[in-house]
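One chain comes next, on its own, written out as structure tokens in the form predicted alone.
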């Protein structure tokens, strides 16, 4: 059997970092990363990026050596991705924070609104309903992280957790401060506005969960298989007929409902920022689907049916 020699160079300095002799032709990039770690323990596999060109794209862990456009002596270029943290840890941290922070304002713990308001309760029903909806949303996210989501990538850069937590925790504190403020004013159109908003919120939360379950069923546990998502018998998944990322569509809809319910500017801004970011993600995923699947449904848009 013909074996390969693999030379690993630093992508920036071109310094030789490692030379692997007698590598099996069927070896995957993941296996090469493990071999590289034996000589450089500080660079565990998750923080390694191996590529064929110093400025090229990272090779996938499942790529096989003999199928790459290299000779029997292969040169790979290494980049350090930095300290990594698991996606599960990131999600649990960024979602648990808003749940806890919002409740601090809801229960009006000391040093927030002044001593005479410590541990008092709002007289407005919408304030209590908003707390229930907000708590339900993040409890749902925590449970989905633990029991529903299957991640194609096990880790992400550690620095991202600070950025993500600043966004989620900061907005949670900002909106909670105003919604639970003793001087909070209920929505202009009263109970009718609240009921309509609650219906939007509940429908979108059910839709979001339904899409997450449908996506979970597409990927077997421990697999990185990608398939085209299609509607199931669940009516909430029928939005797949029109958009590539209906989970984002429903997520934005939930926050629009919450903004209408509370009539609170920070919630509206949170919805707008979230929509902007999710649109970027949806467009990226939509392009990925079009590139990977030739028979991808042409009618679909990234996030908003017929528009965007």
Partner chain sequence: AAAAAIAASKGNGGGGGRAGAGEASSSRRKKGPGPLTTAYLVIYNVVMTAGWLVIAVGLVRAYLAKGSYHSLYYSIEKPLKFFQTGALLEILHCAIGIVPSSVVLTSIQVMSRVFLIWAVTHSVKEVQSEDSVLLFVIAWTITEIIRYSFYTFSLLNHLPYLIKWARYTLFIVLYPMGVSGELLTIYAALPFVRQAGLYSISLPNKYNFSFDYYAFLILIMISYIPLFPQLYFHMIHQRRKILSHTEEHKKFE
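Positions refer to the first chain, counted from 1. None of the values given here were measured: they were computed from a predicted structure.
Same protein, other form: the form predicted together with the partner chain, not shown, and the subject of what follows.
Visitor: So the partner chain isn't shown here. In the predicted bound form, which residue out of 264, 32, 50, 256 has a non-hydrogen atom within 4.5 Å of it?
Guide: Among 264, 32, 50, 256, a heavy atom within 4.5 Å of the partner chain in the predicted bound form occurs only for 264.
Visitor: So which of 184, 117, 169, 87 gets a non-hydrogen atom within 4.5 Å of the partner chain in the predicted bound form?
Guide: When the partner chain is considered in the predicted bound form, the option within 4.5 Å is 184.
Visitor: Okay, which stretch from 92 to 100, 206 to 214, 136 to 144, 184 to 192 lines the partner chain in the predicted bound form, with non-hydrogen atoms inside 4.5 Å?
Guide: This holds for exactly one stretch, 184 to 192.
Visitor: Under a 4.5 Å heavy atom criterion, is residue 107 part of the interface with the partner chain in the predicted bound form?
Guide: No, no contact at 4.5 Å.
Visitor: Using heavy atoms and a 4.5 Å limit, would one call residue 174 a contact residue for the partner chain in the predicted bound form?
Guide: So residue 174 counts as contacting the partner chain.
Visitor: Flag residue 178 as yes or no: does it have a non-hydrogen atom within 4.5 angstroms of any non-hydrogen atom of the partner chain in the predicted bound form?
Guide: Contact with the partner chain, yes.
Visitor: Taking the partner chain in the predicted bound form, which residues of 75 to 110 have any heavy atom within 4.5 Å of it?
Guide: Nothing in the stretch sits within 4.5 Å of the partner.
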